[in-house]
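Each of two forms of one protein chain follows alone as structure tokens, named structure 1 and structure 2.
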Structure 1
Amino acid sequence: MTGLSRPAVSLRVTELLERGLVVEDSEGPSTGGRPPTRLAFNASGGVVLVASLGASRAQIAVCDLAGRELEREGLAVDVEEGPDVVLPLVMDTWAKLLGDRPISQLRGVGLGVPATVEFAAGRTESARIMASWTGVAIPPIIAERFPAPVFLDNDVNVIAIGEHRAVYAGEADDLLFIKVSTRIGSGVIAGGEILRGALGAAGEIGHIPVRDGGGVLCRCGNIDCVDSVASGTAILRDLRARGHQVETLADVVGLVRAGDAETMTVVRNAARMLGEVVASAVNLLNPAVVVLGGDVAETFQPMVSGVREVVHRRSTALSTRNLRIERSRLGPGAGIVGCAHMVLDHILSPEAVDSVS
């Protein structure tokens, strides 16, 4: 089937067996003579360390070579405290989750951060947001403690990868993931692959301005970005301005469930403004599915319904003919899955395997 000689196949299989990437699984049916030996991918032949950081929370895990979660822990963080504070917390958690596993089993490390990332260079480029991280080359810092290939990407990119691989692979190869939480961001899957753009800045949907935003100053320095008027932070700010004593989104949930009219108005207005931006993205990218995730989208069905209504009203007929707009099915676990596959796509590629053989 391969066109390769028996000795060539035997050599490659032997290399993979020696590296622990393949194991002899069982004997196959005999066609006369000695039964053949079946081979299987060895998912337990190593581990990868992954962490998906949000603005205030992190999901940290150890996964096997199939991307399955072996150990996981949530951690409260404040990314604005900078890499000198946050990275040691993450690395200490990895060390704890590794337990007694030898460091020789470590094959790679993946990290998602809530900032623009220059993927090839492994550093963040966000002058106003996470300013203390800007220009810091993160992979060498991590590799000094965990000697393995280290990969860094935007948090919503890795969530988009996770949602696509776990839920939509083989079903929808063009996907737009929108994270609506403390902040708003997006990840674009085009032709089955994450779209990073020329330098890694693709997907910054949160900093597209909206109409009738009220002149709100965004943390990026511009006015009326959708992040500043429709995020969880914006919803809390607007409700406080109306006299509601809300500290967290859980308080907003309580008001929604109680049928508070003002709260529903604020949430629906946020959905309208987000929907306008998503409609433009749908016209530009023509995805098969738009997935809404993050605390706000996963908590408020009116947000999802409002975005769906605006998108179908303002996008072209062809781009919405078969478009699905759905809530995330993975929730907080999507970032872990995405980070794992970001690493595995590199360390298990033919080029990476050949470079070690």
Structure 2
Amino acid sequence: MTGLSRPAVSLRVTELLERGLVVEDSEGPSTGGRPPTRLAFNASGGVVLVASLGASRAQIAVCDLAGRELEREGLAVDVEEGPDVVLPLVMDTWAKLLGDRPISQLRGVGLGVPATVEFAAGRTESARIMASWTGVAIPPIIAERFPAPVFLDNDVNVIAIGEHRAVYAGEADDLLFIKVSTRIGSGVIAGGEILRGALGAAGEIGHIPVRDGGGVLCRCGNIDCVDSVASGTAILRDLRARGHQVETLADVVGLVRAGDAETMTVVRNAARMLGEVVASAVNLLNPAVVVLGGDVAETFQPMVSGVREVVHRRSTALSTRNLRIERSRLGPGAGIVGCAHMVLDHILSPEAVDSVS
């Protein structure tokens, strides 16, 4: 049992009781006289199915209504094979993880995908969500097998939601999450809510250019996009050009942890270029906290030093006065936690309860 979360307090109590989302709790403080009915959120009143898809692996889980993992399994997938191949694999794993739990326990499904997800016009939380992953609308496919509301967002937005809800909610409700991995992406929390923009494309920092990138051609056709000069891919390329035998980003993290000076320099240079773009975003958004996540953020020290250096030089005084730049605390489980919170935000909203008879 956890305390009632903010979005739930205005729900119709009888409906919540009927649906098992809250239970009466007699442990309230005694004030004499007739004890008030105290309601507690019933985290075991249902389950949500979640999956965080990466380019080559998926984390798949069943969570309770507090967002806690009940079951989890990792799966090798090639996301480029498309939804026809990947979705059945994910759904089979959900079915296995659900085990004997009755389908009536299912409250919602959440999926994070490594692609831009388009949202229908209007930005109400109950908007119908459209997927652009090879043009297929994913929610109906999932809902056919798992009859529950299905929510979809891009993987970086999902992690931003998870970082905010699990670590910063109420304390830092303006948050910029930056994922530095094979690519660079971001998710923006503004006033406690994910900022999606008009079409769901907000947070695309990867193709903002840096000032002195050296003229690197980006896969988008422009030059010196931060993604082309400061991503994990760019760091691997630069290290190989200097003769280092590095295969993966884990190798880069290992070299940094071993104190390899040249690797530290390459990572820090990349971080300075990333810092230029973060500085612009800080001026525009004035977040309370910038959270660095993704594989490259595992090298935290040179990464955060480079970003901080440039942000404090280039952002305005007020926007950096109380600014914190921190490493992701959720780590590899961030996608699962984020997916669960994305679903819970929706299914515990007053609109959602009103729409269920």
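All values reported here derive from a predicted model rather than from experimental measurement. Reference numbering: structure 1, starting with residue 1. In this text, the rigid core denotes the largest set of C-alpha atoms whose superposition between the two forms falls within 1.5 Å.
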{"property": "Structure corresponding to the form predicted in complex with a further copy of the same chain", "result": "2"}
{"property": "Which entry of Met303, Ser181, Ile161, Ile205 falls at the hinge, with the rigid parts compared between structure 1 and structure 2", "result": "Ile205"}
{"property": "Rigid-body rotation angle between structure 1 and structure 2, smaller part relative to larger (whole degrees)", "result": "12"}
{"property": "Shift in Å of the Glu262 Cα between structure 1 and structure 2 [rigid core superposition]", "result": "3.6"}
